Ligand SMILES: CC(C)(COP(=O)(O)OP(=O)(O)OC[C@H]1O[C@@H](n2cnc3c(N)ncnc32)[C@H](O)[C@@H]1OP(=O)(O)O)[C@@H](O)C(=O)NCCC(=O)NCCS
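So this first bit is one chain, no partners, the form predicted alone, shown in structure tokens.
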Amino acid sequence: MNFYISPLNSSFHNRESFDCGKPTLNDYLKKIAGQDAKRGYSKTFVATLDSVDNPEVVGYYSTSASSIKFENIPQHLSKKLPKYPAPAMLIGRLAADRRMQGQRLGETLLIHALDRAVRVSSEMAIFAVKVDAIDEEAKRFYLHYGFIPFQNKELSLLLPMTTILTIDKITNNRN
């Protein structure tokens, strides 16, 4: 299945039928994502099917700048770091419509977000990509892709840029 991911365009993309099964994620896309983009709080990227001209949203993720408190960074990563907050890119929300679940759309969105982190990291320091999982199911999703739990926060996870860049180099060498 082909998914096309592009920045949310509130006047083009149809978000009304989107339902991932989690009301807070549905409401964010339908009511808040466009406002957050205008305010400079986050950028939302949406997935559509078949064509960039298809307005129906079947998945999305949002990103923003963030930081990770030093005391929350797992000890095996923090040994050689300065003792102040580490810069991060936050994946604030990531969701796939129920109709697309099981079609690897979540994975596609995550890879797209990580690729965006790689591009941004070439111009701005980013120590890690951070996520605050909405629940245990979401936490398991991120753990499956190598994210590491924070030291002191049960549903917060990170993926170091060094890991992402290593994966990116391996992938690019295969192509």
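In this text the structure is predicted, and so the values were computed from the model without any measurement. Position 1 is the first residue in the sequence shown; the rest follow in order.
Separately, the form predicted in complex with this ligand exists; it is not shown, and the next lines address it.
Asker: Is there a heavy atom of Glu137 no more than 4.5 Å from a heavy atom of this ligand in the predicted complex?
Answerer: Answer yes; at least one heavy atom of Glu137 falls within 4.5 Å of this ligand in the predicted complex.
Asker: Just checking whether Leu159 would be counted as a contact of this ligand in the predicted complex - the rule being heavy atoms within 4.5 angstroms.
Answerer: No - in the predicted complex, heavy atoms of Leu159 and this ligand never come within 4.5 Å of each other.
Asker: Test of understanding: in the predicted complex, would His144 fall inside 4.5 Å of this ligand by heavy atoms?
Answerer: Yes, His144 is a contact residue.
Asker: Could you confirm whether Pro82 comes within 4.5 Å of this ligand in the predicted complex, counting heavy atoms only?
Answerer: Output for Pro82 is no: heavy atoms all beyond 4.5 Å of this ligand.
Asker: If the cut-off is 4.5 angstroms on heavy atoms, which of these, Asp36, Asp132, Asp115, Glu56, is the one near this ligand in the predicted complex?
Answerer: Comparing distances to this ligand in the predicted complex, the residue within 4.5 Å is Asp132.
Asker: Suppose contact means any heavy atom within 4.5 Å; which members of 82 to 105 contact this ligand in the predicted complex?
Answerer: The stretch 82 to 105, when checked against this ligand in the predicted complex, contributes Leu94, Ala95, Ala96, Met100, Gln101, Gly102, Gln103, Arg104, Leu105 at the 4.5 Å heavy-atom cut-off.
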